[in-house]
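Coming up is one lone chain in structure tokens, specifically the form predicted alone.
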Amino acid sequence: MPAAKPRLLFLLSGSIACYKACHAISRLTQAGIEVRTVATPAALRFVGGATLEGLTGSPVFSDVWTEGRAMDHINLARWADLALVCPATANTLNRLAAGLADDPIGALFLAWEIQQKPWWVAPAMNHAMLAHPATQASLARLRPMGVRVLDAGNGALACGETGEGRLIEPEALVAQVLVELGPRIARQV
């Protein structure tokens, strides 16, 4: 029986940077990683569920109240080897730090066995939102829980301003995921 592919749970929150996340999802599936997606309703305003399903071959989990999917937050948390919130908006980071579980990302975070498996966040937002004390306090609260915060880039932002807050570039993101999940890929060969 062939070894199982490494499993990545890719969680998208509402940001224009969702288009970059789609590029990363495509590259990761091409690299041999099984990817499933979770998207907030706001994320689905930037990229459609059909796009995410087309890139992964699996339906998108986007509503904790969808009939027949009430246990997805538990099942997906057990299924995945790594969870990545990308893009992670200020709203999502603040909600995770507060332990709110009324959306798919929050419910998955609380169901995640964070001491056994990695949970990463890739922030993407305006530089002032990233620097805001509320966001910084949330990041400071998440790190000791075991959350890995990927560095945001510095440069031109979607709002027309410049500063820190750009989503990590897809190539750099893919490289980091491959380093994390690479040993699992190597065992397949």
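In this text the structure is predicted, and so the values were computed from the model without any measurement. Numbers follow the displayed sequence, beginning with 1.
Heads up, the form predicted in complex with a small molecule isn't pictured, but that's what we're talking about next.
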task: Using a 4.5 Å heavy atom cut-off, state whether residue 90 contacts the small molecule in the predicted complex.
output: yes
message: Residue-level contact is defined here as any heavy atom of the residue lying within 4.5 Å of the small molecule in the predicted complex; does residue 40 satisfy this criterion?
response: yes
- prompt: Might residue 124 be said to contact the small molecule in the predicted complex, defining contact as any heavy atom within 4.5 Å?
  reply: yes
query: Heavy atoms within 4.5 Å of the small molecule in the predicted complex: does residue 129 have any?
result: yes
